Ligand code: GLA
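Here we start with a single chain on its own, the form predicted on its own, put down as structure tokens.
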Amino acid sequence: MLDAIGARFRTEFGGAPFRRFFAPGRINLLGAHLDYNGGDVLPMAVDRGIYLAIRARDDGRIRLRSVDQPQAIDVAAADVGERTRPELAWAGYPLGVWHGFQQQLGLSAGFDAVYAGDLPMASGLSSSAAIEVVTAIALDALHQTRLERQQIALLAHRAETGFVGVRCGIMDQFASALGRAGQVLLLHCAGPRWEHVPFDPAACEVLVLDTKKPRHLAKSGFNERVAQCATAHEILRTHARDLPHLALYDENDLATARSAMDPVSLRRARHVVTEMARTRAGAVALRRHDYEALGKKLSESHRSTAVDYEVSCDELDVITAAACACEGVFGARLTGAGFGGCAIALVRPGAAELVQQAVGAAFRQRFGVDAGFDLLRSGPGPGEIF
């Protein structure tokens, strides 16, 4: 990756010195669709992400290139605007971060940048947040603004929600910005508050199971779930208790308001409430190094996202079931927004190869497609690469 961005930078922009940065993607162990409902999540930064070569400019132009994407973007700072445009494509994410620096800190200098990643795009491993965070980390370093990591995460989040226009919670940006090797982030999204929980790579590994199914429905389905959860929250506020976030209710509240809730609202709320309990139990299991208990919660989470939240699909259901049937697998569930993309399985060290063989054969027999597999490790967090 470093060689690729360096070579492309010199080809596109000349040989003057540039700086290099990295921000990780993430997997979310537990807390599916809880971040925008004010709940707790357990994301882990991984050792894959987005790499950036960057150099400041003083003429107000922004030139963006990607090793992975074909579009080359050249734009004057004055023409960036308040929202992304279709012709900006992938560049909307870094331009949104630049726009945040301009609006909040008064910085309007341009830059040249080349991006590359070893995270699959649109797979549920949060490549967009990694692009945002690595851009924010880099601009912070170039301009010596000394932002705290929480400020980096919030600025990146505003780029996605405000400039790009994706309705999402804060988890992805916080997981990338605050990631640490050998730890999982327990993020209380209602704060936001966070703490780091140990993850022992000698006791458990994370195997990504890629269905190769594009997540075409992810954006529309995600926005629909956000609206459905807002409806469920209003019903609970009226018929149970007036709490600020849907994830703060419990199953007694659901029973109290059940007669006022339509079936869809009830299912969505039930997933959020029970997933909150699973996430808290998962954090306890991590502190005890009880990966059997953690894996059980992952498998329960997948059933809930499939039945109550309805964001799974045949491919994700088959690949997680096949994984859970294998010796050495603690549990499995879909990751990301759902509707396709990837699942994760927690496996005993040394078991991944046999799991890949068994799951790959079952998936190929059912769908005629070769699933993808990737063994991920806890990542080092974002920063400059020297």
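What you are looking at is a predicted structure, and each value in this text was computed from that prediction instead of being measured. From 1 onward, residues are counted along the sequence shown.
Keep in mind the form predicted in complex with ligand GLA is missing from the figure; the text below concerns it.
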| property | result |
| --- | --- |
| Heavy atom within 4.5 Å of ligand GLA in the predicted complex - the one residue of Ile54, Ile62, Ala337, Met44 that qualifies | Ala337 |
| Contact residue in the predicted complex, from Val359, Ala32, Ala343, Ile50 (heavy atom within 4.5 Å of ligand GLA) | Ala32 |
| 4.5 angstroms heavy atom contact with ligand GLA in the predicted complex for Tyr36 | yes |
| Partner contact for Ala136 in the predicted complex: ligand GLA, 4.5 angstroms, heavy atom | no |
| Contact test in the predicted complex: Gly169 vs ligand GLA, heavy atoms, 4.5 Å | yes |
| Non-hydrogen atom contact Phe101 with ligand GLA in the predicted complex at 4.5 angstroms | no |
| Which of 62-70, 316-324, 344-352, 23-31 sits within 4.5 Å of ligand GLA in the predicted complex, heavy atom basis | 23-31 |
| Neighbours of ligand GLA in the predicted complex among 220-257 [non-hydrogen atom within 4.5 angstroms] | Phe222 |
